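Below you'll find only one chain, the form predicted alone, shown as structure tokens.
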Amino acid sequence: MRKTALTEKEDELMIVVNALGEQCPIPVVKATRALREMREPGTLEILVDNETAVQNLLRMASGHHLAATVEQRGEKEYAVTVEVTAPVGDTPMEEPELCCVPDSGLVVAVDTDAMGRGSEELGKTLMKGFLFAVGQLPVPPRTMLFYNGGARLTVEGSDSLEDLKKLEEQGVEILTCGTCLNYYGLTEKLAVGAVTNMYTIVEKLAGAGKVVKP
């Protein structure tokens, strides 16, 4: 972990936090620690190399009611500058809600528990492989929607539960149609994600950057 650098600039305290190469939530942790250690007004500059860190640092500044700006200094180098008008010390501060998963804008819509036409047995094997592969994407989907026969994949006994739970841990929103769960008598067996309705399904699909349907 790189150390925080301290410099003086035009008679104003300037603290530079080098978080290049650090992944969420380390840049915010480092920045918060440096902010608490500032004993006089000044500027806090955090260097990062990914947009996720930039957005989380802006959330941190906003949550602490501090003005912040972003400057891109290279292909993968950003400087987030926070203006600290008064030292915060150990005063309790509103912690930011971090988003450690880059937003791909991708929504995966699953309406069956078997992928493709022909052999149902083969289709179920293919669907399991598909859901596993989704979890290997460099940037996971924003949301995964399960409806009609797809509702069987998010309940107890599903062969894909482990893969779906790992996706949820990565921050992927997993939603299953409540009407579909009720129709198949599976309402009480939902084992991952949350129940949703048709209005939300339409809203998620309409707001997606891209929709993939196996």
Partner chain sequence: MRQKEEQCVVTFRTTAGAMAMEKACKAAGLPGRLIPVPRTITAGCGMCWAAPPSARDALEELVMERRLQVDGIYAILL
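In this text, all values refer to a predicted model and were calculated from it rather than measured experimentally. Positions refer to the first chain, counted from 1.
From this point on, the text means the form predicted in complex with the partner chain, which you will not see here.
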property: Contacting member of 170, 182, 69, 62, with respect to the partner chain in the predicted complex [4.5 Å, heavy atom]; result: 170
property: Heavy atom within 4.5 Å of the partner chain in the predicted complex - the one residue of 162, 156, 51, 37 that qualifies; result: 162
property: Which of 107-115, 72-80, 140-148, 121-129 lines the interface with the partner chain in the predicted complex (heavy atom within 4.5 Å); result: 121-129
property: The partner chain contact at residue 87 in the predicted complex, heavy atom, 4.5 Å; result: no
